[in-house]
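Single chain ahead, written as structure tokens, the form predicted on its own.
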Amino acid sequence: MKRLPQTFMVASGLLLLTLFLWPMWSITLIAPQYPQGVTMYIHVNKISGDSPGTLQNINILNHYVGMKPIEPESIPELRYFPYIVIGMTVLALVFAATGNGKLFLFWAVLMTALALAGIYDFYLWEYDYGHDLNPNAAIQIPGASYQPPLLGTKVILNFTARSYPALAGYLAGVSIVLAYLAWWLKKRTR
């Protein structure tokens, strides 16, 4: 029981590394021409899909309504987020080695702030893609925007867009909960 808080902090740090293994978010578009849906996966360092041509198909669909193409190489967050994840993992392991409950709380609060900042940044990207439209697009509907939901389901023209955390996103959330739990247990055992 005495080492449980430190074990939770180690687990917190290691769970963040799952962001390199699995996607953290998914957006699925369902329409009559895509009854099974087309799913785009957002990883900490790349964007992929449920098939090799997914991103190309989404870009073709987006082109008709004037949305910019989604080009992963032009998204700076995909280049620097991996360093933040590695840094937070190292911090979790170092803080676990110290056994200092205040550092556990500091890590949990910092990770919460980073997660909220990341979600807000994602919202801004979605907003920009859905609202900054080419005025010469083939399909133009006055006042329409094509921003998928940040979280949940939304009907956009003949598409149903679903946006939810994916496996690594949930595991990163568990990581934060474990860090708060590590702090709480450390405080209780003192």
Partner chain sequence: MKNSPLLSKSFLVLPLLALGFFIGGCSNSQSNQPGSRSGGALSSNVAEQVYVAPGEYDEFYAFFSGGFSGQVTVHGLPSGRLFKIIPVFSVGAEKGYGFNEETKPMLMTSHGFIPWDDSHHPELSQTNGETDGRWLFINGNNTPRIARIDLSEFETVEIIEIPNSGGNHSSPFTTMNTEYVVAGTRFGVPYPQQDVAISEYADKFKATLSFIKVDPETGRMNIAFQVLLPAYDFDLAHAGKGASHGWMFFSSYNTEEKHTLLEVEASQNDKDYIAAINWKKAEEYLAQGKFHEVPARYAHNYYDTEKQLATSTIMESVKVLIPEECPGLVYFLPTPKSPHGVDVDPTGEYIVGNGKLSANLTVHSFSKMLKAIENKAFEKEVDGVPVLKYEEVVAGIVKDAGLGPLHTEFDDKGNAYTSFFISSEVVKWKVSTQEVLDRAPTYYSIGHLMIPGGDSHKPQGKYLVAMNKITKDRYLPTGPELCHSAQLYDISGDKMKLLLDFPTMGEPHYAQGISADRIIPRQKKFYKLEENKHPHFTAGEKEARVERNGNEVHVYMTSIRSHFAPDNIEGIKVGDKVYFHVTNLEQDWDVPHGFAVLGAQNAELLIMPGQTETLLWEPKAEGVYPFYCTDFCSALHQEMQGYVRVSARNANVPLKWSLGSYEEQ
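Everything numeric in this text was worked out from a predicted model, so none of it was measured. Numbering follows the first chain given and starts at 1.
If you look for the form predicted in complex with the partner chain, you will not find it shown, but the lines that follow are about it.
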4.5 Å heavy atom contact, Gln56 and the partner chain in the predicted complex: yes
Ala138 within 4.5 Å of the partner chain in the predicted complex, heavy atoms: yes
4.5 Å heavy atom contact, His63 and the partner chain in the predicted complex: yes
Touches the partner chain in the predicted complex: Trp125 (any heavy atom, 4.5 Å): no
Interface segment, criterion being heavy atoms within 4.5 Å of the partner chain in the predicted complex, picked from 125 to 133, 146 to 154, 23 to 31, 63 to 71: 63 to 71
